[in-house]
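The chain below stands alone and is given in structure tokens; this is the form predicted on its own.
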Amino acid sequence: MASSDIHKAPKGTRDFYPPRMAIRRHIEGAWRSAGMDSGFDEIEGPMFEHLDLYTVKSGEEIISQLFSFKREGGDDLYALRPEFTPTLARMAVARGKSLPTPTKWFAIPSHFRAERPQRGRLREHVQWNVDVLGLSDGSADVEVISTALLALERLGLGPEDVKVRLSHRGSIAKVLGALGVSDDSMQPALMLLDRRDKMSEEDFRSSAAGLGLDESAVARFDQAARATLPLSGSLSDLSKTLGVSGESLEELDGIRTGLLDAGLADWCVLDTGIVRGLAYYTGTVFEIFDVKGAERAIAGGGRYDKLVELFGGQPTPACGFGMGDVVLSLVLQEHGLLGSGEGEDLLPRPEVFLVSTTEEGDRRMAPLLVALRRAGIHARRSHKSTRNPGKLLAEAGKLRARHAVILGEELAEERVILKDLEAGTQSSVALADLVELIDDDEDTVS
């Protein structure tokens, strides 16, 4: 490493200075409140796991995508977690039959991937994971989708900004089977469907033909990768477009009905091109995109009823999603929902900012700060040596403080100047009454 590089964050990672950290906490706050208000309990696991935990689900090929290591002097292999679902499954298996039905968990951990960084995808990111275990009916699918949308709504996004594009692996498998895709070729076909938008027309058709499909079936396969329908639309129209019977889409109709009943029609669209390439998905699958389509998926998930069993547990129906902070912060910024700057508007606002214009004010500063903070008031002070009130108050304005207190000559009479920086007014108040006055005003603002 060049000596000039030691002052830079490792490639694909971020330094969280206060404004950027404020953005992160703003997003995490919406995630956490939406999760808790929807009845989910927060969990967390270790930042690294045994390497085998990830190969069980994804195979040996995932090793090249991980930051893996061996403990010094030991033989065990570990890896920084690239995702949370294996940890979730391990924790569920450890509790076994003692888990309540349903189990509703969420986590906001950091994840790590040893891959090439690009827009919307870094080597380290924070992700909100929301999961329901123990429910096999569509109510769980609706629950996780509605929770995701609740968080996005609290961040200022609406159905005109983002859309849930959803499908069902069972229904899509029936569509592909009707086109002539054999059972042995079903998983490669689903993976090809998942990659459709990332491939050229020629490469897609060539790969589809490699599945044993004739030219007509390839054309219909391409159509299946692009078919969409508003949630309130007619499934019979979609089945005609796909050239299959209405019975083939019965499973898709289940989640569609549940979301309609939940009043989420404006947020959702059926999209038979959404299949989620990972093999462990078993039913409903969905991805949430910015309507403009400028970014990667904001979130993705679905039903994975065999995952806990894969890790040695009892058969346990499950569904959930992951939503990363990288793409979401880009979308919020593009919609002007992160304030006018790079997060400065999201920094916490001091309720009161203390300045001193006298030596006696300097002496009284510390005990007054302690009293304000013990009363639960966000209080800061100036450390500037100047006695110029204008310069000192400019510092309070820069921090967007609601009030300023000037400790000046008035202290001889046990009084201070209290300025309301939002209203532009000021008054002389008794020092003994200051904490109560600001506390009462803070309650009024809240």
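In case it trips you up, residue 1 is the first one in the sequence shown, and so on. Computed from a predicted model, the values in this text were never measured in an experiment.
Keep in mind that the form predicted together with another copy of the chain is not shown, yet the notes after this line are about it.
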Quiz item: Of these, K174, R165, K104, R196, which has a heavy atom no more than 4.5 Å from another copy of the chain in the model of the complex?
Solution: K104
Quiz prompt | Residue among L213, A178, L150, L229 with a heavy atom within 4.5 Å of another copy of the chain in the model of the complex | solution = L150
Quiz item: Is P315 close enough to touch another copy of the chain in the model of the complex, meaning at least one heavy atom pair within 4.5 Å?
Solution: no
Exercise. Classify E359 as contacting or not contacting another copy of the chain in the model of the complex by the rule of any non-hydrogen atom within 4.5 angstroms, answering yes or no.
Key: no
Quiz item: Hey, in the model of the complex, does A217 get a heavy atom within 4.5 angstroms of another copy of the chain?
Solution: no
Quiz item: Going by a heavy atom distance of 4.5 Å, is G45 a contact of another copy of the chain in the model of the complex?
Solution: yes
Quiz item: Heavy atoms within 4.5 Å of another copy of the chain in the model of the complex: which of the stretches 323 to 331, 183 to 191, 69 to 77, 290 to 298 has them?
Solution: 69 to 77
Quiz item: Taking another copy of the chain in the model of the complex, which residues along 360 to 383 bring a heavy atom to within 4.5 Å of it?
Solution: R363, A366, P367, L369, V370, R373, R374, G376, I377, H378, A379, R380, R381, H383
